[in-house]
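This document starts with one chain, in the form predicted alone, laid out as structure tokens.
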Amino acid sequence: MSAEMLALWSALSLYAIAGSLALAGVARARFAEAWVMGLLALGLALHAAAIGVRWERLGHGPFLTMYEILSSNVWSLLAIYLLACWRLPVLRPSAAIVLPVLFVMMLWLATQDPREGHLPPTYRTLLLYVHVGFGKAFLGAVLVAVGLAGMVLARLTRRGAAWFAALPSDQQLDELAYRFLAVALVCETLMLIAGAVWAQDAWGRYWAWDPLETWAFLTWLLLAGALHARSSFRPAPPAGAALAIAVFVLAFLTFFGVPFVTTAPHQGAI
């Protein structure tokens, strides 16, 4: 096994252990916070090494094949989540919600072919890194909001209320999720702008309503609508939580579903 794959599989194993500890800890109402956060941090370091080795070997970033896209997104989502948990300890119990979501991506990653893809000339631009970077920041901010939303919805059940009894009120968690969704809207807006400028350089047009562009815009509309509803109509926290989860589901389908159903040049995976 190569050093790259050894580092990657070690990282995925640490993520799985951390997620199992988070689930077991919440179930027993004894969350092993230090262990979960420490294992995630160690896994991120190993995962970064795997991505770095591959980047050095191939000469381009992890944004061509579905294997690379999944790997880099698992890393970026966990990095953003861990950073948010470091700054806001109230988020840490949400690991029992966030990590199972990411397990889906990890299992998907394990089924992908790690062979390298073809780097098109249009990808040799700094705009690609700006576009992809804002996209990852957008999805990471929405994932943090989903963690908060999941805790709000879990407290609708008797067991969930007991698990997360020590957390702030639903209103406070809802307000925090709203702030992360607002950050996500800014990041997605900048992602779309950078992508449009890149498209003008690459294909001679800013916007063509190809499948990925269309679904990315629909995600932006849903996110903007969720924020508008939150600020104008003040829905109850469970309703706000449902909106946050809907945004993430649509974003996930846009990022990882469209490449399987489109043949347009702007497909997201090669």
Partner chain sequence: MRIARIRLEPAPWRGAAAWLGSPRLALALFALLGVAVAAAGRGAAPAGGLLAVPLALLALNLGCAIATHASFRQQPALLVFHVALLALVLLAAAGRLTYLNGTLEISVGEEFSGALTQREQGPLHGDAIERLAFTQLEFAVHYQPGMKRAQTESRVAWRDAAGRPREAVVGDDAPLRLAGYRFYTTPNKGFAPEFVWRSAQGREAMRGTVHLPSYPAQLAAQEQDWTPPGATQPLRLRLEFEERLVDLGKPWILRAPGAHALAVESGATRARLRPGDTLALAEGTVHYAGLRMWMGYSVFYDWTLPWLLAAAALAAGALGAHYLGRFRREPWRPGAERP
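Computed from a predicted model, the values in this text were never measured in an experiment. Numbering follows the first chain given and starts at 1.
Only in words, not in the display: the form predicted together with the partner chain, which the text now covers.
Among residues of the shown chain, Pro89 is one whose heavy atoms approach the partner chain to within 4.5 Å in the predicted bound form. Contact check for Val132: every heavy atom lies farther than 4.5 Å from the partner chain in the predicted bound form. Pro168 belongs to the set of residues with a heavy atom inside 4.5 Å of the partner chain in the predicted bound form. At the 4.5 Å threshold, heavy atoms of His228 reach the partner chain in the predicted bound form. Shown without its partner, this chain lists Ala182, Met106, Val101, Leu153 as candidates; in the predicted bound form, only Ala182 has a non-hydrogen atom within 4.5 angstroms of the partner chain.
For the residues Leu128, Ile97, Leu176, Ile80, the 4.5 Å heavy atom test against the partner chain in the predicted bound form is passed only by Leu176. With the partner chain omitted here, the record of contacts in the predicted bound form names 198-206 of 48-56, 198-206, 34-42, 64-72, defined by a heavy atom within 4.5 Å.
Residues of 40-72 are not found to place any heavy atom within 4.5 Å of the partner chain in the predicted bound form.
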